[in-house]
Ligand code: KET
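Just the one chain here, the form predicted on its own, laid out as structure tokens.
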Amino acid sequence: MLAASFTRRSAGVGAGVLRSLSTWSAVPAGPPDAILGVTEAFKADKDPRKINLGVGAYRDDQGKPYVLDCVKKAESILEASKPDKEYLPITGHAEFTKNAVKLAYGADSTPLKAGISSTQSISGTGALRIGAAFLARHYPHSKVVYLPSPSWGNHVPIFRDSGFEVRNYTYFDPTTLGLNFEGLKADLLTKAPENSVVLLHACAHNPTGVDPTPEQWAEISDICKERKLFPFFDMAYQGFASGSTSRDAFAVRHFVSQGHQIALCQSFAKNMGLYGERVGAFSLVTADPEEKARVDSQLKIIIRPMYSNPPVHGARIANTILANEDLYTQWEGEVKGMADRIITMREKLHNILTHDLKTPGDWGHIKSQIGMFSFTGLKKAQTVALADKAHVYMTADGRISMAGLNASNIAYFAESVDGAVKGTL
């Protein structure tokens, strides 16, 4: 009788009432991820001509994911060694972090002898999170960070969630589709208070593909020194931007040579194709071994409650490549091959738009920008038209992943852009 009564009462409770009784009824829906939305729309499109230029991952000339041959060889070496599955220490694979730091700072870097505190991280995002948390807790001068405008979308929430006030400095010039260097200098000289943290993209700026020249980097270094600004480098594309690991590390190495105690985040997702392995490193230049030991201890205190210790497999792959002379040489050739393919796509796209189709506008920025991404200068309405009428998908700000272009689709893409610009799609 009691059970029957309870059943009748439950049946009479509507879904809306049950929702109002839920602990999570007041949780608002978050905004959709812009890039995820592009991918979902692409997958739903049945047109065989469709192109996805939203994904930040390398594709070969057949539009397929690419596993580097040196990675395959490294995995074979690891498999033959029959490694265990034990936990890594809190700061990860020590040999990997040593070689990662050497790759970034250079084998002859003075801080390598004096002291660089480093830890393995969960790719570049994890490195940023560790670094932001460390600075929020231990950087004594400021809790304000300046990001370039625009910057990678994850930079804002990472620093904000770590307790920083996030501000911007001028970077991209939408008129020239290049660097607004005078605006950048003015902001760092007058807008950013002394001792502020300044985030710098070491190479292949995401999302614009616009980098300072070596001479401009030298000026930025001087300004940071004059204003006592703390340089926080994000280097997600070493080797992948120009095809040279040394050239892409110029900014980092120059700042260090000028006496800056930088913070550095590294990722091996793009340059080794280890996207899902989540391999990265975070490092800080310290004054001496004693200071390094203290910083090391505090990094462990931050990491331990965050995720205890990092995954092992990807770090073993990366370290096998970095530590093996033959594999390292092969890797340098393969990462240059990836960079060169993207550079070739830039040149072809520029030539088709400029010379073959005579598309209105100046398309020189397609060639002058560098790395995986390009800010095309296309307007939101044009990107919508490209998706709706030409089945070409990109983010609404006109950013495209150059890696999504290949010999089979670049002509169609250029013709579609031409139609969007001329309004003839």
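Basically, rigid core = biggest C-alpha set you can superpose within 1.5 Å across the two forms. Fair warning: this is a prediction, and the values are worked out from it, not measured in the lab. Start at 1 with the first residue shown and count on from there.
Just so it is clear, the following notes concern the form predicted in complex with this ligand, a form of the same protein that is not shown.
Engineer: Quick check: superpose the C-alphas round the site, drop in this ligand from its position in the predicted bound form, and tell me whether this chain leaves it open or blocked (blocked if 3+ atoms sit within 2.4 Å of backbone or C-beta).
Structural biologist: The site is open here, because this ligand, transferred from its pose in the predicted bound form, meets no backbone or C-beta atom within 2.4 Å.
Engineer: Would you please decide whether residue 206 lies within 4.5 angstroms of this ligand in the predicted bound form, comparing each non-hydrogen atom pair?
Structural biologist: The answer is yes: residue 206 has a heavy atom within 4.5 Å of this ligand.
Engineer: Using the partner position in the predicted bound form, report whether residue 148 sits within 4.5 Å of this ligand, counting heavy atoms only.
Structural biologist: Result no; residue 148 lies far from this ligand in the predicted bound form.
Engineer: Contact with this ligand in the predicted bound form for residue 286, defined as at least one heavy atom pair within 4.5 Å: yes or no?
Structural biologist: The answer is no: residue 286 has no heavy atom within 4.5 Å of this ligand.
Engineer: Just checking whether residue 129 would be counted as a contact of this ligand in the predicted bound form - the rule being heavy atoms within 4.5 angstroms.
Structural biologist: It does not: once this ligand is placed as it appears in the predicted bound form, residue 129 has no heavy atom within 4.5 Å of it.
Engineer: So which stretch, 236 to 244, 322 to 330, 188 to 196, 345 to 353, is the one near this ligand in the predicted bound form (non-hydrogen atoms, 4.5 Å)?
Structural biologist: Within 4.5 Å of the partner lies stretch 236 to 244.
Engineer: Suppose contact means a heavy atom within 4.5 Å; in the predicted bound form, does that hold for all of 73, 271 and 314 with this ligand?
Structural biologist: Not one of the three qualifies.
Engineer: This ligand isn't shown here, but in the predicted bound form which of 217, 152, 139, 164 has a heavy atom within 4.5 Å of it?
Structural biologist: So the residue touching this ligand in the predicted bound form, by this definition, is 152.
Engineer: Exactly one residue in 357, 378, 385, 55 has a non-hydrogen atom within 4.5 Å of this ligand in the predicted bound form; which is it?
Structural biologist: Selected residue: 55.
Engineer: Hey, which residues along 275 to 298 are within 4.5 angstroms of this ligand in the predicted bound form, non-hydrogen atoms only?
Structural biologist: Stretch hits: a single one, 278.
Engineer: So, does residue 37 move by 2 Å or more at the CA between this form and the one not shown, with the core held fixed?
Structural biologist: Yes, residue 37 moves 2 Å or more.
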